[in-house]
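Taking the form predicted alone, here's one chain by itself in structure tokens.
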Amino acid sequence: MPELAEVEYYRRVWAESLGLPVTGVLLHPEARVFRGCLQPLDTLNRLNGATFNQALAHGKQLLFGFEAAGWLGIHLGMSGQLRCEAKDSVQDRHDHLILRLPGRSLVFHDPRMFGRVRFDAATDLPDWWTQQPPDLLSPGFTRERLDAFLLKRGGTPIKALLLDQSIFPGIGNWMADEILWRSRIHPATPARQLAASAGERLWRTTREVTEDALRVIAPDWGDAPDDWLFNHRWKDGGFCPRPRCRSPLSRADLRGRTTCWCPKCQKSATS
């Protein structure tokens, strides 16, 4: 599933076409990605003739503005991608939305259709956009906000909480593992323990990993360096990338999500 940095990458792909008018709209109106959009064919045809003038990202959400026409919201889901292609590109069966612009086409491609398309004709930003939790690099993501959340969900393993979009917008499986590895926190640690002992470290590392992901991945889908956990977590047999550790990594299912950690660097409270 695309996470915060991958979503920002896709925002930039479409943002290169800012300032151009929409000359046509193609879509599969019965596709499940339009489940939150009433009469999608008629609704999205309102974009015809409108100038594409805004491209925003927040967590795993994307929002595109069209002057005097409204707002197009996209969630990429598990397999969604945004592309910019030659104008006359053929519509693939998984290309559920194509916006024709002069000399190019903006494409939303989603084979598994867990993604979602929304539309709002309002002049101002839609409520479902403005009511999202604070961005992880914004002043609103405070240590106090994090501590209150950890205490409220005190018995929940921290790995599961890092995937909660109501407090960690944009964090997915690989970023959660990266944050915990850098913080030297075991993924099964109950949240209440962190509020007392490691909340500051978790808060700072969350911001650090977010900054690193946006710097390395977002501009051009760049490769993560080998001193991140990222390159070592995907399959059994990986080793901790810390030069003084190099311990075999552990992998297990934790509340339905595959989780990777270093048993030496991230000791369990019961170990």
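Residue indices: 1-based, along the sequence shown. Not measured: the values here are computed from a predicted model.
Here the subject shifts to the form predicted together with the DNA, a form of this protein not shown in this document.
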Note which of Met78, Ala121, Leu137, Leu125 lies within 4.5 Å of the DNA in the predicted bound form, where distance is taken over heavy atoms; exactly one does.
Met78
With the DNA left out of view, choose which of Arg184, Arg143, Arg83, Arg112 has a non-hydrogen atom within 4.5 angstroms of it in the predicted bound form.
Arg112
Non-hydrogen atom contact Arg255 with the DNA in the predicted bound form at 4.5 angstroms
yes
Would Trp71 count as touching the DNA in the predicted bound form under a 4.5 Å heavy atom rule?
no
Might Trp234 be said to contact the DNA in the predicted bound form, defining contact as any heavy atom within 4.5 Å?
yes
Check Asn173 for me: does it contact the DNA in the predicted bound form (non-hydrogen atoms, 4.5 angstroms)?
yes
Okay, which stretch from 146-154, 127-135, 99-107, 193-201 lines the DNA in the predicted bound form, with non-hydrogen atoms inside 4.5 Å?
146-154
